[in-house]
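This document starts with one chain, in the form predicted alone, laid out as structure tokens.
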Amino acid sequence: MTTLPLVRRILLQRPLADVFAYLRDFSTIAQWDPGVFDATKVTPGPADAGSQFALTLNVLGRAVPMQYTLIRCESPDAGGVATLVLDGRGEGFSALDTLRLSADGEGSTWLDYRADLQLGDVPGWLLPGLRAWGRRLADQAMAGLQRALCEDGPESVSVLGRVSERLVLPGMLNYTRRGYRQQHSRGLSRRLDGRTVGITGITSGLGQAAALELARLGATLVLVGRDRTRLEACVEDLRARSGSAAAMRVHEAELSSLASTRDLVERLRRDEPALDVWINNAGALFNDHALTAEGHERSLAVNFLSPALLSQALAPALAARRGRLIQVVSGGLYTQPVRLDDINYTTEPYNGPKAYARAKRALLDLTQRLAADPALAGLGCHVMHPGWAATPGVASALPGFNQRLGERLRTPRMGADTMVWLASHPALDDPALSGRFWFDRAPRPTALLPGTASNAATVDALLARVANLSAA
């Protein structure tokens, strides 16, 4: 048996309580250790001694499973010291990780990290290379943790990245997992204790992944879906996996129906007066043309009209609390303009992805107009797209696309990353950032192809349409 000890010490410019809260749920390792593809807490309740975590390691590009158990979890004591000890087991190897945290003055924390890797018998001639490999892994993990906790503000895009983006197709290659993993920081550590976040479409896919992260960060959640039974089951799952003690309240609504959406608005105004963040995440892509009972093309109703009604109705109260409004759209909007002359998509052969993209562009336009409204000066308006993620909706609506990209698709957690970051990071309090279009935590252009951007008259017409529907 060969033992490989790895020892590092780093200073983190974050308070001890923040660092401890982030690291005790070891599933966050996927956000900072490049040697980990994915991590999940598999035991219910708060992360504490006995909690188990399933990891998928990245070993030379190969996925290798590993199971960790948190065997010691000592909260910060009066002397400003906390300790976490984890026992990891894989096929033919194991690890004992010890993380000792100590407060250092005002708002900083020392991390003393030691990992003792136990490997099978290794020939002596391989040991120097193995030690160098271990040191490199430790250095990368500590650098990733530093970025996750302390360098997690808005991302910048290189000149080459901007050029690729402008060329559209090369830029779309980053819509896969590759783009997510190239982010400078993937840390989600900014606590939301005492804040209330509302989100639609939470029973699967991106919404469920976002709700889990928001719960882990301590937010009170207002969860909207169309099936109460699934909503209540989702709450049980979220509470078990996140270990959150914060409240989770559900509201049932069918967002393809504007009558149901208006009813939801009234319930939110009555029952949820303390909303700090509202996320319009629910969406649907349909392969066949159909009108709702109210006479609206289905994709338009779900992806634009309903979130537009919610946005305009909730914006004043959110602005009064200096809150945030977040819209989840699609990179597909780069390919399409708003078609006011055929808003219900009846004069040309129906194309589901195009209809979806047009509705999402309309939502982007409306949100940027809200961001420019002086009466809503306290409101942070943000639009984001998640890249290409493997969700039940994508698998159902675009089976060929889903099959071709396979494991290159982002996981729902990866796709939800920027959504959660926009909801939680204090940098987004800056009014100069309101109205931006975000992808992978960086502001992006809203139009790339000629003829796709909306002019002021088009946006005026969209606003008038929503205003008429609000009054209906």
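Everything numeric in this text was worked out from a predicted model, so none of it was measured. So that there is no doubt, residue numbering starts at 1 and follows the sequence shown.
Although it is not shown, the form predicted together with a small molecule is what the next lines describe.
Picking from 281-289, 213-221, 373-381, 185-193 the stretch near the small molecule in the model of the complex, with a 4.5 Å limit on heavy atoms, gives 281-289. Using a 4.5 Å cut-off to the small molecule in the model of the complex, not one of A17, Y22 and Q146 places a heavy atom inside that distance. A single residue from the set Q312, N174, T109, S256 has any heavy atom within 4.5 angstroms of the small molecule in the model of the complex; that residue is S256. For the options L84, A389, L268, A246, the residue carrying a heavy atom within 4.5 angstroms of the small molecule in the model of the complex is A389. By the criterion of a heavy atom within 4.5 Å, G205 is counted among the residues contacting the small molecule in the model of the complex. In the model of the complex, at least one heavy atom of G201 sits within 4.5 Å of a heavy atom of the small molecule. Contact check for R72: every heavy atom lies farther than 4.5 Å from the small molecule in the model of the complex. In the model of the complex, the small molecule sits within 4.5 Å of a heavy atom of R230.
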